[in-house]
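The same protein chain appears twice below, in two forms, each given on its own as structure tokens and labelled structure 1 and structure 2.
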Structure 1
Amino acid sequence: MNRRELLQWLSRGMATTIAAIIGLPGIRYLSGKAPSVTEPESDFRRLKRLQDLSVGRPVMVPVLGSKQDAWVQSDQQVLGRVWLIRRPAASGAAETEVHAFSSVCPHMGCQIQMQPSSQKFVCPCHRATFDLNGERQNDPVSQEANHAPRDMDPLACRVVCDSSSEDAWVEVKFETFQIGSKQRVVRS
């Protein structure tokens, strides 16, 4: 092998390596195995033990999960917050019910807070109020119309029994919704 042949082999090897570096991510993307930006937000997540919720007293609970960007995965990150309200069961039923609402105001995306003195939810950004069922309320003093385009966003919620500890847990199907629209549209 002379010097010219050696340089040709080295050039071909470098060209093959560069093509692989550029081409493999494209093949991975086309095959559908590319990493997602965040983990799916549509799964039920275990948030709180039922015994830790008082009847009629709303509690804000953070939703924790993993976030992943192109290179880094971070566990136990706050994905959002939800309001949980434990209610007495409907007539005749022995079990209690738990309702869950997104804590994000559908108007501008601010965190809805609880106003304990009046038992209402209040958005600190534009003073919109919601009752404990998540329905919009007009200001009773000024009679000003509520700025929120829709009621608080309800979330699917269920109570499950843990097989090992036999504790009842509240699980919520955490979703985020488009803000500023009258229609409830789930964001992907």
Structure 2
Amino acid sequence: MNRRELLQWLSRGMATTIAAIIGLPGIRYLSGKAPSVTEPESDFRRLKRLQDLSVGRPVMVPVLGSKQDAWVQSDQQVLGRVWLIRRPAASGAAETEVHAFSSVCPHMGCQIQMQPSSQKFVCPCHRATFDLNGERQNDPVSQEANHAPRDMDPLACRVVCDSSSEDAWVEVKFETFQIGSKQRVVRS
């Protein structure tokens, strides 16, 4: 290596270093997670009184909570929505069961709606259709295949009785899931 080549390589090296000094933090800055002030709540949340749910009629319930959006934190925000379905009590079982599903379509993330005429869940974006158990169905009208990569996302749900007020409460562990994947991946 002669003197000229050495100086050329030195110059290239220094230019790359300078670019990296600015560029790498730049990439990290853009792709990093925003600092979160509050810990995400992952516990069961009380959503509704059992008596307010009628059997077999799904109800969409908003989940409220404090929400951190970048530099703003606001209380009583809609964090998401949950479909609650109270099942008819199976013969023999004393307790009625309540099932909860995330209202977010696993296909593209639109809000799944209820089609009263067919008693099916239908996503308005690409007509992904689900039965009341959240399982994928073919489109009842066009018989088109379902676009959703997986069934509706079930949420852990329990009915809790308050000893003080004797009310039965529906509590749901609210989570969000990765959209578009076949596997159900909880988003942190």
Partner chain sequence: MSSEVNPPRTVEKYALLDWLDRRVNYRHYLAILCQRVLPDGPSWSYTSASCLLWLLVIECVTGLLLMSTYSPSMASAWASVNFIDQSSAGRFLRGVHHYSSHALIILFGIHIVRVIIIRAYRAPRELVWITGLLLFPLILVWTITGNPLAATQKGIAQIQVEGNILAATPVVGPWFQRILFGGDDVGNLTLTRLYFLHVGLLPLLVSGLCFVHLHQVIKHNSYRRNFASDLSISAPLLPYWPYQSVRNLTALLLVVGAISGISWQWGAPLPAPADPDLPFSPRPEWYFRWLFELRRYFTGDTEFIATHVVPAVFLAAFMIMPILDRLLPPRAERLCRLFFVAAFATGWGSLTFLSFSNDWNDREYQASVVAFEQMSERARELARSEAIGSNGAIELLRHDPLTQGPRLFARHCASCHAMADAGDQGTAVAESTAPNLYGIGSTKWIMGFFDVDQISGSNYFGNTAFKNNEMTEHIRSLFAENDRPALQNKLMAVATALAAEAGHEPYQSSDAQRGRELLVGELKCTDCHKFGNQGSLGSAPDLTGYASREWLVGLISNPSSPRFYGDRNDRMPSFSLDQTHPEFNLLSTLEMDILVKWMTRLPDDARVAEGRKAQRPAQPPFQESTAQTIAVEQNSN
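Please note that residue numbering is based on structure 1, beginning with 1 at the start of its sequence. By rigid core we mean the largest C-alpha set that fits within 1.5 Å across both forms. Everything numeric in this text was worked out from a predicted model, so none of it was measured.
- Each structure shows the same chain on its own, and structure 1 is the form predicted alone.
- Comparing the forms between structure 1 and structure 2 on their rigid core, the Cα displacement of residue 73 reaches 2 Å or more.
- When the rigid core is held fixed, the Cα atom of residue 26 travels 2 angstroms or more between structure 1 and structure 2.
- In a rigid-core overlay of the protein, residue 180 has its C-alpha displaced by under 2 Å between structure 1 and structure 2.
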